[in-house]
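Read the single chain below, which is given as structure tokens and is the form predicted alone.
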Amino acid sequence: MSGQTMATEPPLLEINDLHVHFPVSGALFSRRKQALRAVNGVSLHLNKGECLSIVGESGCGKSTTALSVIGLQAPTSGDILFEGKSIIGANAPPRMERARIAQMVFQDPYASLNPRQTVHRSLAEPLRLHGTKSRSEIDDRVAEMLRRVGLTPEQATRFPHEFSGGQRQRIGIARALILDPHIIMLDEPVSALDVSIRAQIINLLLDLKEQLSLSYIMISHDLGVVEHMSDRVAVMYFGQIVEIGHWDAIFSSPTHPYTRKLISTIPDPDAILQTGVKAVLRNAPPPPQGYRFYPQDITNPDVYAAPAPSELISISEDHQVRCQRLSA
């Protein structure tokens, strides 16, 4: 209506200036204690119905960020908001309520399942803990969820070792979905699977996202999977987001040196045969005027040192890169 301002719906999830530090001992016989800075001021948001991927090499803080979101890792500082309300610290909801906000699909589909429990028990136990007492209702919910992930209700009586890797990951997905959470954290969801099975699981996740109006945060270093599934991509380098944007901008116009290094690792036979490098990486874009890319040195990071002041600078619509302001 004219003359009225439409209220802007807040993001489904907001991560504001998140820090996660782990105390570690110094050298032998030294009393000095250091802090390993696993996450250093990460700020992200997740919109309803989208898939946000966080990419980067092992040890950069991706999984620690995900564990903080689902409540398995307490942040050192910062805030996490779900639908505009803080869910950590003194404002944290009860654990039962937190479980209905976000659930995780783990990397190893076998290690994440209890080998002594049948599939039925693995899926039914969360329902019982959350107050569903009717046996028939539990059975119906378990059967429905198994069908949704491409299994049959009859398979509920089996144990995890009786399934293939792809089937076990389907069970892991079913377990994550059984409480109808709003957000699913995908921690390398297909990296432990055979190549022939990966496409099936990826398509299943995309179908479930559409059918159930799910929102995903995917942790991955497989850029092929990221490109196929993501709406937006955040590039993480040793505890900080160094570039974030729409998936197309990240893959077609990588700007930060670390992002360009990651993109250069994607196999491209045509580019290798013709030029020896990917065409998109021939000309490195300069940083915005008055800034330099941060960090400049991406070869020898210090995980104990506090990062220098820097900021994410917008270089186009919904595309930001981390830079450091040059001295006047």
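All values reported here derive from a predicted model rather than from experimental measurement. Start at 1 with the first residue shown and count on from there.
Beyond the structure shown, there is the form predicted together with a small molecule, which is absent from this document and is the topic of what follows.
Using a 4.5 angstroms threshold between heavy atoms, His182 stays clear of the small molecule in the predicted complex.
For Asn40, no non-hydrogen atom is located within 4.5 Å of the small molecule in the predicted complex, even though that partner is not displayed. A residue is said to contact a partner when one of its heavy atoms sits within 4.5 Å of a partner heavy atom; Ser58 meets this definition for the small molecule in the predicted complex. Within 4.5 Å of any heavy atom of the small molecule in the predicted complex lies no heavy atom of Arg141. Looking at 292-300, 44-52, 59-67, 255-263, the stretch with residues near the small molecule in the predicted complex, meaning non-hydrogen atoms within 4.5 angstroms, turns out to be 59-67.
Only one of the listed residues (Arg148, Lys209, His221, Arg198) places a non-hydrogen atom within 4.5 angstroms of the small molecule in the predicted complex, and that residue is His221.
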